[in-house]
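Take a look at this one chain, the form predicted alone, written out in structure tokens.
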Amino acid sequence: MKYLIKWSKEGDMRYISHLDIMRLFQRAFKRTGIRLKYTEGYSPHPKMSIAQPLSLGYTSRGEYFEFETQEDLDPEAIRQRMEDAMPEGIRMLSCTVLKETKKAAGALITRGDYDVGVRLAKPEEYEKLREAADWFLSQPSVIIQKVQKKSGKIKEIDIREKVRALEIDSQDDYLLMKLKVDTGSASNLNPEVLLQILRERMGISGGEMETRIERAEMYAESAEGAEIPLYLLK
């Protein structure tokens, strides 16, 4: 049976790497006695994967973990058993059954919501941030140069088309920037890239803008083009 767990990553756990999180889940399955299916071949490994790795230092309330078990189990029982096996800062929010024929959850992701809390060194810079965001949204394209990992070649990328929504709300002593950006394997934008563009537009350095980034949700796309939160996949 194939399952999808929605989970959160909070507090100091934001500093735990993707590989360490994978090891954490593997150990948790062993402690709970949930038997995973394994791949065939010379070097079998458990059929489990994180849908979309989270950048180090980010928190999240919308992470997903896909896995297959050797026997059919109640999804809520799995969620509770895994919750009991996790350290502080990792919570199991829900568990659902996926169709065996469904593609890997990570391959279905197209968009992601991010909440970015922003504190600036000077009060007047908050208005500059709003102006920079308005400027970005008004542009038909915003081109950056990115070095390709494999070839080392420089490629020009239009990040404007990757930002689907950008809103700024005032809070007590900071601003909350709500983003919807491409988050899939076909197209992806790290929010840090957008923040760097906004800082450059404002004429400030990274040290003058304190940020805390949290991933709020990830989405697949239906055949009709509608966004579906990943936990609603069946």
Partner chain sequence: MFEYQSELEQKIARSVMRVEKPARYIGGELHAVRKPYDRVSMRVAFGFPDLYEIGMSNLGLQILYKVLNDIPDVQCERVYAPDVDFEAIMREEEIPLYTLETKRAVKEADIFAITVGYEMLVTNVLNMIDLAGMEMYAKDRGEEDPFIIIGGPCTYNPEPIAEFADAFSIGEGEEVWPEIMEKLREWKASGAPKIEFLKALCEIEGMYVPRFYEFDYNGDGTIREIRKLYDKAPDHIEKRIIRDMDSAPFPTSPVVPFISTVHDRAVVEIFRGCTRGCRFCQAGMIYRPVRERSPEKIREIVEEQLKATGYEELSILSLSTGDYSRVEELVTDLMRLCRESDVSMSLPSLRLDSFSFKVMDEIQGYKKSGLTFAVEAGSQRLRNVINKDITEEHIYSASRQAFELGWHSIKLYFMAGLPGETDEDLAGIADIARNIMNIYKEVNGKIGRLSIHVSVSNFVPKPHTPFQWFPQDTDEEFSRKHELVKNLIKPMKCVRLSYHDSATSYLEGVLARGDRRMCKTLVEAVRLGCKFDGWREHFDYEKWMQAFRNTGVDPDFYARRAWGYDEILPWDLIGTGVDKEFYLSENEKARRGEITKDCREGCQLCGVNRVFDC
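What you see is a predicted model, and the numbers here were worked out from it, not measured in a lab. Residue numbers count along the first chain shown, from 1.
As for the form predicted in complex with its partner chain, it is not shown, yet the points below apply to it.
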Choose one stretch from 46-54, 205-213, 185-193, 161-169: the one whose residues place a heavy atom within 4.5 angstroms of its partner chain in the model of the complex. 205-213
For the spot marked by Met13, Met86 and Asp115, is every residue within 4.5 Å of its partner chain in the model of the complex through some heavy atom? yes
The unique member of Arg201, Arg31, Lys178, Lys37 whose heavy atoms fall within 4.5 Å of its partner chain in the model of the complex: Arg31
By the heavy atom within 4.5 Å rule, which residue out of Arg130, Lys103, Arg119, Lys146 makes contact with its partner chain in the model of the complex? Arg119
Is there a heavy atom of Arg23 no more than 4.5 Å from a heavy atom of its partner chain in the model of the complex? yes
